[in-house]
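Taking the form predicted alone, here's one chain by itself in structure tokens.
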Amino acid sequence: MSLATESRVAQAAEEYRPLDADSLPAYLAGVDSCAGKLGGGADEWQVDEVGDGNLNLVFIVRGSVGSLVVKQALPYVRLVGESWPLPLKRAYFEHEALITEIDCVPELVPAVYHYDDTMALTVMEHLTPHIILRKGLIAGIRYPNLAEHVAEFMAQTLFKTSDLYLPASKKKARNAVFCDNIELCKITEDLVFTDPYRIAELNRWTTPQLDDMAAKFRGDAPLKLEAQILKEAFMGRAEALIHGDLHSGSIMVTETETKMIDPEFAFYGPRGFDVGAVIGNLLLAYFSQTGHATADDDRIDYGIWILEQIGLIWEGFRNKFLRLWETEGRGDIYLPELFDDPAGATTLAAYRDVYMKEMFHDSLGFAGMKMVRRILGLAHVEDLETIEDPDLRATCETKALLLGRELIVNRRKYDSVASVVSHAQKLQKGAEQ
């Protein structure tokens, strides 16, 4: 950390204070850009604390003219408490990531109205009537634009923050900024890549139903080796600015709009981590559908729809990414003038297919990692947690764990989403034990 950054962090620590529903109106009243969007006086504003995530305070503030969202970092992990301290500087990285994403694809990210470094606080657009995608998947709602929008977001951000697009000097400078997001990267390194495969104090799972499965995973040497290979890729491959936590709880949707939120885990890492996070969470939603079935809806058709979205997202991302590379590949690698003859163009086109296949395999591996951690690690997903019958929940989780292991260990044998979907459907039908 530079001396300037150390000074900024020290000053912020002295002046920081967590806000609440009583103190927030007075704070916002002093910010013209925010007060104007709300309208009326501070004493008229309605403030609701709505944060249901693992880390932060989140407020919706409503005035006579409009509404906005305020997100403030806490100096600890909210899910655990003050026993797990966490630096406030993560709000800075989230703001930097949001601004970068807005520059790449503004229609798929909430607008930012105000940022306060000292208070570790961001004021942004209130997305309404949007809901968290995860809740929509639990409710069985179909989103016709979801795949197109998620693919566009990933293609634009994962291309335009990479060496394929940026001059090397600019990409290195941006990487240097996000390299300091150490603590949130450490959370991912531990909770995703390490803790589910060892005895860890914060691990939990559906017990006793999954006790044997958890023990098998801890003793599975090939699985643990591949998990560490993927961890090395996560820690060492600064390919692009990744969102870092792009799951179905970080996507807000309506039938026509999609917005990506909460990029506080952002850093320069492997592109496949974001793609895999989306795929893995959709697969978790797929395996949870049995637990949400009713007498009137067995959820089979909806499960098929979820699997279709995975294919559409990957193919959409692949095509959009390749199109950007072909038309806007202005970075300092694969320079167009090196391949401007027919043989060169053919060679580069063939390599691009190899490049995307390797990214696909990365994505499958990271998808599997995400699936396992959400069942055997600390932070679980509502898709599965809301299945009240523990035996039924464990059955759904077992199928997800089996596919998660398969994608981690054997990811390189899959050449298409269709082959992954086929395996998932066999597991869902109980064809494999």
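Throughout, we count residues from 1 along the sequence that is shown. Computed from a prediction, not measured in an experiment: that's the story for all the values here.
Separately, the form predicted together with a further copy of the same chain exists; it is not shown, and the next lines address it.
Contact label in the predicted complex: residue 344 to a further copy of the same chain, heavy atom within 4.5 Å: Output for residue 344 is yes: heavy atoms within 4.5 Å of a further copy of the same chain.
Exercise: residue 79 in contact with a further copy of the same chain in the predicted complex, heavy atom 4.5 Å: Residue 79 lies outside the contact set for a further copy of the same chain.
is_contact(residue 169, a further copy of the same chain) in the predicted complex, heavy atom dist at most 4.5 Å: It does: once a further copy of the same chain is placed as it appears in the predicted complex, residue 169 has a heavy atom within 4.5 Å of it.
Contact label in the predicted complex: residue 143 to a further copy of the same chain, heavy atom within 4.5 Å: Heavy-atom contact with a further copy of the same chain at 4.5 Å: absent for residue 143.
Stretch from 131 to 139, 185 to 193, 207 to 215, 304 to 312 whose residues place a heavy atom within 4.5 Å of a further copy of the same chain in the predicted complex: Among the listed stretches, the partner-contacting one is 185 to 193.
Whether 105, 254 and 257 all lie within 4.5 angstroms of a further copy of the same chain in the predicted complex by heavy atom: Result no, not one residue of the spot touches a further copy of the same chain.
One residue of 126, 361, 224, 114 in contact with a further copy of the same chain, assessed in the predicted complex (non-hydrogen atom, 4.5 angstroms): Checking each option against a further copy of the same chain in the predicted complex, the one that comes within 4.5 Å is 224.
119, 202, 238, 293 - the one with a heavy atom within 4.5 Å of a further copy of the same chain in the predicted complex: Going through each option in turn, the one that passes is 238.
Residues from 320 to 338 in contact with a further copy of the same chain (non-hydrogen atom within 4.5 Å) in the predicted complex: Contacting residues: 332, 333, 334, 335, 337, 338.
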